[in-house]
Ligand SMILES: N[C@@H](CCC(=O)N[C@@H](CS)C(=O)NCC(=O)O)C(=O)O
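First, one chain by itself in structure tokens, the form predicted alone.
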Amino acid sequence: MIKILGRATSANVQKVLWLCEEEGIEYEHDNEIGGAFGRNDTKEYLLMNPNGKVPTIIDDGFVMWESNSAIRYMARKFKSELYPPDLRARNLVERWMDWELSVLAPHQGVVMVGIVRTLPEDRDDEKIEISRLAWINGMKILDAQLGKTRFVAGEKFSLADIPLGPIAHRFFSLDIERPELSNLRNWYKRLADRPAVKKWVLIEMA
């Protein structure tokens, strides 16, 4: 059975929980690690994950970290149709997954931490604003893609949509100024109808 270590309010933990729920993969979840729970800086945890971040995923003694890498592993192991076998189709999926990490996640993280986890008097407003604008620029790229295809990597829901879903939820839920990107909004609404998203993504942000 897959073991998932990490608080469910983490976007990276949500990716793994979402995939498991979507594909009916059996899992155990220790929610009380990371954030206000702590425990991710203990010697025991750091031996598994030297980054001290969440999630850490364990499959029959095999330890994984880096959420996108982990969900690719799980999709291969459980032969998920969300990860297409065709070489070019798979490349499209992986391209958007890597893009999420390199383009969106860093800026989303700065805004999220700055607004949700930092007291107003301690915020670096200039830093938050720079990341807000960069985040919007990235979401405009995603919006343009979603004007061409129903889902991120094509006409069918795939593994590419999972890393981007939690970021979209934060984009539309945080109290920030943003453009009304209709393609992005419609895709987000389609995702929000999925039971796994309702259970693990459309939850309190912390």
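Just so it is clear, the structure is predicted and the values come from calculations on it, not from any experiment. Just count from 1 along the sequence shown to find any residue number.
Omitted from view is the form predicted in complex with the named molecule, to which the following refers.
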property: Heavy atom of each of 106, 131 and 169 within 4.5 Å of the named molecule in the predicted bound form; result: no
property: Stretch from 27 to 35, 173 to 181, 135 to 143, 151 to 159 whose residues place a heavy atom within 4.5 Å of the named molecule in the predicted bound form; result: 27 to 35
property: 4.5 angstroms heavy atom contact with the named molecule in the predicted bound form for residue 197; result: no
property: Partner proximity in the predicted bound form: residue 66 to the named molecule, non-hydrogen atom cutoff 4.5 Å; result: yes
property: 4.5 angstroms heavy atom contact with the named molecule in the predicted bound form for residue 55; result: yes
property: Exercise: residue 115 in contact with the named molecule in the predicted bound form, heavy atom 4.5 Å; result: no
property: Within 4.5 Å of the named molecule in the predicted bound form: residues from 1 to 27 (heavy atom criterion); result: 7, 10, 11, 12, 15
